[in-house]
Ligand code: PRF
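Next up: a single chain in structure tokens, the form predicted alone.
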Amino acid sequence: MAQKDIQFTMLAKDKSGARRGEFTTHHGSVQTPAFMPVGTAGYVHSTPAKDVEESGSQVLLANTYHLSLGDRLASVKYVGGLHRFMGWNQTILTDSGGFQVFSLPDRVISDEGVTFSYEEEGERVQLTPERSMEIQRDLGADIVMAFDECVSHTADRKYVEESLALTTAWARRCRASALQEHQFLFGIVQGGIYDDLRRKSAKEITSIPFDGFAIGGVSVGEGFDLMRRVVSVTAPCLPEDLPRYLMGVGLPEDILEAVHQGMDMFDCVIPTRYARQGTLFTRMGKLRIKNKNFRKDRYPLDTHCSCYTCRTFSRMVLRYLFFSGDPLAETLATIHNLTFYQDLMTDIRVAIEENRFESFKREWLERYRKNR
């Protein structure tokens, strides 16, 4: 079973409710609020682990479903676990695969688990809570997520009620499954967009002795206002003395709002995916590097950024690399976007420590939105 104490320490709490904390895993300490870059299939697209580390990232996320396809799991086990496979010596979190499975067509859900076709081979397989735990145990991540059902924000109440009961039952089976000694297990609260069902799910999931708790079922197209409401209803129902993780979020404005609501951990593909498409984040708003305005622009992407990309290359050079089709463009853009996100998290942590998060959030958003 997982360790009993994740050693979560609350270092500061802002008058707004924003939290500044720290927790420790087998691979080091994590400062919260924290943003986790996504390395779905065991790597961050286009970017070496050393560059991800230099961005200030402390945790990487990988996905159980994708790493169980074909011979990937066997390969990870053969090299000695996910940390060696990814070349990453800090904390790793693995998602349960639930979100990916439930986005697949022709899935069949039962009390036992989910039967579906692997997207790469077409083979019909069943993923159960026990199998998800087994895969994550073999991957060796520091933080393991319980297997749940992620429902659409448009799902009707009756379906969400039935799904919630299934998620709770699966959570208990996950908790009863054996993991490696160093692994922590987080439970996931569901309940769709229904306030009372969110509270009900939180009550049921937090009654299980997990090592941390996540809010799932957001970032599925519900929009900012619904996301904000779900978090504002659910976060107060989660224990104060354990990490709180908002899954799949997101944009800088989403993160700032969720921190305001008392959340500690975030992940999203946005900074890396946007980078590969040529959309870069700056403190003055998003910048689309392929725009012709940057053909002769000798400024760095962000004059306040100290990442390798901004120290070394101008906007016009990066634009040239994108239009040349060279993979270096994606690498440089990813380094910058990841550094931008980690700089934001650092600034958030300092603002909470100094009890000025609300003013920081307001001023940061005013500047960020000014030029969009």
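These numbers were taken from a predicted model, which means no experiment stands behind them. In this text, residue numbers run from 1 along the sequence as written.
Note that the form predicted in complex with the named molecule isn't included here; everything after this is about it.
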| item | value |
| --- | --- |
| In the predicted bound form, residue 148 touching the named molecule (heavy atom, 4.5 Å) | yes |
| Residue 248: touches the named molecule in the predicted bound form, heavy atom cutoff 4.5 angstroms | yes |
| Interface membership of residue 264, the named molecule in the predicted bound form, 4.5 Å heavy atom rule | no |
| The named molecule contact at residue 201 in the predicted bound form, heavy atom, 4.5 Å | no |
| Segment assignment from 67-75, 80-88, 213-221, 275-283: heavy atom within 4.5 Å of the named molecule in the predicted bound form | 213-221 |
| One residue of 230, 188, 92, 139 in contact with the named molecule, assessed in the predicted bound form (non-hydrogen atom, 4.5 angstroms) | 188 |
